[in-house]
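Let us start with two forms of the same protein chain, each given on its own as structure tokens and named structure 1 and structure 2.
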Structure 1
Amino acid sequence: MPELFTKTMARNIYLGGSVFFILVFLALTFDTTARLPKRDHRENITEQVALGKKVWEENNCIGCHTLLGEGAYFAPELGNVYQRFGQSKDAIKAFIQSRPVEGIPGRRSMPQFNLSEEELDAVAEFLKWTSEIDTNNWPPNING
């Protein structure tokens, strides 16, 4: 075994390692792209789900809530709220409608957005749709 570490040896290690990790990266990329369509449920997006997402964005719900781990951590996770509310869109709608206009003194609370019945239905449908996403059991508990 030579005692000198030559430039040729260093170059070969560098190039060999680079090729190896590029191949690993490509293999993992192809594996991921093969698995994702099986987890996707975009074909279930209806006009009502799209309207619910629009209402979600217009009212900046993500400014307080997280949805599938993304957003603010001020209020509860809503990616699994459909399961937490007993798989009832009516319960979600009733909760949103029950928020007091002035809030709860001394506590952080969700404001009353005065959504129309159509918007309430759409938000509930959007939250139902998000609960059906295969998240590999994330968040790890039902409370988010």
Structure 2
Amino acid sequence: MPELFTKTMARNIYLGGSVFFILVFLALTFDTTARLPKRDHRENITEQVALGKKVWEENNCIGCHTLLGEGAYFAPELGNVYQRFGQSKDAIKAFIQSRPVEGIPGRRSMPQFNLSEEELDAVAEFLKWTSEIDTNNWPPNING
């Protein structure tokens, strides 16, 4: 690089640029968190929804599925599974409950997690709440 451009100038661009964009990012974060309540409908996060998120986490569902497009790509997207299953919490529960312990020969299969009735209800409620988040119209269709 030409001598006109000194190391001090390079350092100042690094320091100034980083600090400036950190501040911009913090300001945007502030604005985003202020706007989120209208988009995530947090008033609907009941104790059951919160328990559902915990059941979701403690069975590592994200290790196979995506949720709003994030996670693993081995199994279907679940952000819209409530819609895909005909807005039926019972259908979601029945699917989870009916997974064979030994799997399906040659095919991918969800493990049998032996969830209690309370946990099943909670997961279904959590997935229903998730399906109501304003995701800017994602996923593109019902298949996720």
Partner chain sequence: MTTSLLKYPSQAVAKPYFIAAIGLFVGQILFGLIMGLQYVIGDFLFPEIPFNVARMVHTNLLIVWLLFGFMGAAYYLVPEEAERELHSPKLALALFWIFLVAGALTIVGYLSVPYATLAKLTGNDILPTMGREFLEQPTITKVGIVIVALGFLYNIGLTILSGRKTVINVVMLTGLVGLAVMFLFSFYNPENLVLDKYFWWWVVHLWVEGVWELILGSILAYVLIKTTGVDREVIDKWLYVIIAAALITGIIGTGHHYYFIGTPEYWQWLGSIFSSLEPIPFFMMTIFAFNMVNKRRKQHANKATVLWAMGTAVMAFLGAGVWGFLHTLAPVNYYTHGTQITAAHGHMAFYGAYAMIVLTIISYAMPKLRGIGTAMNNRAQVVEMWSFWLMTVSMVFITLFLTAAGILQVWLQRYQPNPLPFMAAQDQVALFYWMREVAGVVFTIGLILYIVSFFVKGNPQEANS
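Start at 1 and count along the sequence of structure 1; that gives the residue numbers used here. These numbers were taken from a predicted model, which means no experiment stands behind them. What we label the rigid core is the largest C-alpha set whose atoms superpose within 1.5 Å from one form to the other.
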Quick check: structure 1 or structure 2 for the form predicted on its own?
1
Return yes or no for Asn12: a CA shift of at least 2 Å between structures 1 and 2, with the rigid core superposed?
yes
Roughly speaking in whole degrees, what is the angle the smaller rigid part turns by between structures 1 and 2?
36
